[in-house]
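Heads up, the chain below is alone and in the form predicted alone; it's given as structure tokens.
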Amino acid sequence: MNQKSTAISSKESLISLYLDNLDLIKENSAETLNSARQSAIENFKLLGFPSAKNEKYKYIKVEPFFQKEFEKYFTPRCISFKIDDIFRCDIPSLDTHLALVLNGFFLPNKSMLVELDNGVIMGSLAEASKKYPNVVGKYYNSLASNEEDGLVALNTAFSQDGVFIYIPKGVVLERPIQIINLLMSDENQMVQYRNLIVADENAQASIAICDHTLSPSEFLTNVVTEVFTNKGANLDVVSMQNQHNESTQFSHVFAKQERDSVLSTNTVSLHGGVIRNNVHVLLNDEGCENHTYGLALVDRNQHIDMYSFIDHAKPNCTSNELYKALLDDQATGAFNGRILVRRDAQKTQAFQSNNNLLLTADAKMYTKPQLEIYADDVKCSHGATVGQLDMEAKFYMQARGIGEREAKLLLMFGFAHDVVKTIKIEPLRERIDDLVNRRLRGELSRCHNCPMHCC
């Protein structure tokens, strides 16, 4: 079978899968979610999978991952287990509002939706689309680029559930919200789900997202998250990706900021076979402040692919972007970052930096920082580095009695900590520091109390 016919069959098989199971897909979803499906599948028919000809996906071949045999479920599977017996987070001081997702479906504790005393709503996106159609309908699918990216269109067509979070006007949420995405199956499985996060005017909240695999099967995940920070809102989102080598993860984050809002996103990729992280941010009014961070630790034959697009659409906005990666063994990575400053976006300040450490001669990193500026009164910079550890710094440490291995580990940890230190949730920051340290030392990057080996 030649490459062309294989590409057609993999795309067509997913389209057929959608059409054959459309009733099941739509059965437990409200019209808010279902109304976007038809145009999305039509877009996927036109776009297909991103190819190497697409500059955004130049260093990752997407289609072969979808040619593998995966089970696809359109109703939650009945898996008998006690979550506390399988997954126990060992950050006792991390007091959070908890939301669990198992194989793409919200896993209720007592109910599918929880409304806190302060009006915060969190729980199943499918349930929220039924109970709060006006809120979900206002925001859902208004940012996702279904017309530009076939993977996003595929998610819009297939996704049935995920997490919905709404922080009302003026509410300051003291306890963080923690979303734990769990993958567990005795079969290889494809999972697609959707998250919708809305911070209304002057609302403040911190959200931690943790991705884990709890069984050794192969998993392919394609997830889309839409984030809205309305006027004066302040939102901090930290994502920790810690899956095993048989996992492939495509993550798409679309964010829109309104006047005087602050949004910080930090994605820490500790482990995973293949990870592709897309971040799109639209600074849609004056006074917006954006911070986009990313850290990746990859070894063996793992691959990390990072894409970001920061769109300065209005004047007097600031963005800071820092991505770092450490690559060992035969690992490969890519960074493609684009900052757009539109013609009317005067007084823009935009800064982008991508720094990478190659720990072996076989590791490879491709980087492409970009600035596209159409305004003249701006302060912008971008840059990238790819290199090895600082031998002079290592020699300096060894000369003061620190062993060679420990000197290397300290330098690597300091390199990574530049990103980790930006995490505002202190117990989570300390825990990720510990995980990074143990990952660099070659130890299991898993929670002490968790019986599952995630690497």
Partner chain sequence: MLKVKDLHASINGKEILKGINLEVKAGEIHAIMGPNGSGKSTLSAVLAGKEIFEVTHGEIEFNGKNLLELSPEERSREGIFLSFQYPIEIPGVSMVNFMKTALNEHRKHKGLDPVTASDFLKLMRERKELVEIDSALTNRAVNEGFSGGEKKKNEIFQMAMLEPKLAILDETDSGLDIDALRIVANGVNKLKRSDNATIVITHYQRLLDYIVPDFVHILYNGQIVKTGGKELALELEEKGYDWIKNGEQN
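Residue numbers count along the first chain shown, from 1. Small disclaimer: the values here were computed from a predicted structure and weren't measured.
Omitted here: the form predicted in complex with the partner chain. The next part is about that form.
* Using a 4.5 Å heavy atom cut-off, indicate which stretch of 62-70, 30-38, 387-395, 44-52 touches the partner chain in the model of the complex. => Only one stretch qualifies here: 387-395.
* To do: With heavy atoms only and a cut-off of 4.5 Å, decide whether K424 touches the partner chain in the model of the complex.
  => K424: no, not in contact with the partner chain in the model of the complex.
* Tell me, yes or no, whether H417 is in contact with the partner chain in the model of the complex, where a contact means a heavy atom of each within 4.5 Å. => So H417 counts as contacting the partner chain.
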